[in-house]
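Next comes just one chain, in C-alpha cells: the form predicted on its own.
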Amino acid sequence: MTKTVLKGAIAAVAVLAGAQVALAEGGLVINGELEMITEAPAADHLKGSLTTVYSGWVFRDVDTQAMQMDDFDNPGMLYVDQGEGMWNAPAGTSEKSCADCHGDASESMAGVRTVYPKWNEAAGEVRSLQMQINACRTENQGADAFKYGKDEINTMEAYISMQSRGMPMNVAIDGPAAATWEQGKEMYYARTGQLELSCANCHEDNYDNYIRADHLSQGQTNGFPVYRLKDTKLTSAAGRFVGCVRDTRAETYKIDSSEFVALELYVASRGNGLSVEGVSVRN
C-alpha cells in the first residue's frame, strides 16, 4: 500500500468531532467529594502545540465516566485492595514488608506518583515508578523483581498511585532529567511503522476526533495504571505504549526499555497540572 493510499485510509476513518471536548456537569468528582482536575493550562514547553490539557476521562462515554466516579463501581479498586495487602506482606530474604520501612502509605507515599518518572541520583538514571518499586524489592527486601507488564507490579503501582489521588502532576524535566526528556520528545514526534504515524498524529493533531468508534484523547498518563475495559485488567503506561506502537505496525520496544522510560517522562510532562487519578477507567 502506498503512502498516499495509507494517508487516505486514515483520513477516511477519522471523523471530525468538531470541538466536542466538554466536561461533564460538575466534572470528575470521586465518591461525591474528591474533585479532580481534568482540565488545566498546558505547560510552557507545549506552547505552539496545545493551550489546554485534558484528562482521558473527558473523552470517555458517560457510562465509563460514571464507573470512575464511584469507587464501588470502579473495577480497578479491586487491585488497589490487593495492593494494600502486598504493601503489608513480608517479602524476600529480609522478611520485611514495604510498611516496615515506609510505614503508613497514605502518609509516606502521598505525592510520590505526581513526580514520576524522575531522576534517581544514586542510580544515575531516570526511573519510572515501576522501576523504583522493583529497585526497592531487589535492593532492600532481597526479593525477586516483579515482571513488567504483569498484574503484581501494576497492582503495587496502583496502590501507591492512590495515595496521590487528586494531587496535580508535577514531573521535572530540567537538570539531569533533561536529556531523557528530550529523547522522549523526539520519540513522541517520530513517525514509525508501516502507517508512518507518530504519537502526536493521534494525540496532538487529532484528539477529540474519532477513529472508527474510538474517541481519541490527548494520551495523558495521569490516570495510569488504568483499568481497561477492553482487557479487563490493569495496564501500565509502558504497557499502553507497546500497544500503540504495534498499532502503527512497527516493531515495538520491550516494555521495560529505556526508550519507553524516556517516552513516559515526556508524556507525563505533557499532563503536568492534571490530577493523579489513582486507578482510572478507560475503554
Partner chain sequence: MAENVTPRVRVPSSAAAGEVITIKTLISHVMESGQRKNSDGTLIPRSIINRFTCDFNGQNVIDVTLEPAISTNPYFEFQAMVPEAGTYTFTWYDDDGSVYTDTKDIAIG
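Only a predicted model underlies this, so the values are computations on that prediction, with no experimental measurement involved. Residue numbers count along the first chain shown, from 1.
Quick note: we don't show the form predicted together with the partner chain, though the next part is all about it.
Residue heavy atoms within 4.5 Å of the partner chain in the model of the complex occur in exactly one stretch of 236-244, 66-74, 35-43, 253-261, and that stretch is 66-74. Taking non-hydrogen atoms only, residue 81 approaches the partner chain to within 4.5 angstroms in the model of the complex.
In the model of the complex, the partner chain stays beyond 4.5 Å of every heavy atom belonging to residue 175. Contact between residue 124 and the partner chain in the model of the complex is not found at the 4.5 Å heavy atom cutoff. Of the heavy atoms in residue 85, some are within 4.5 Å of the partner chain in the model of the complex.
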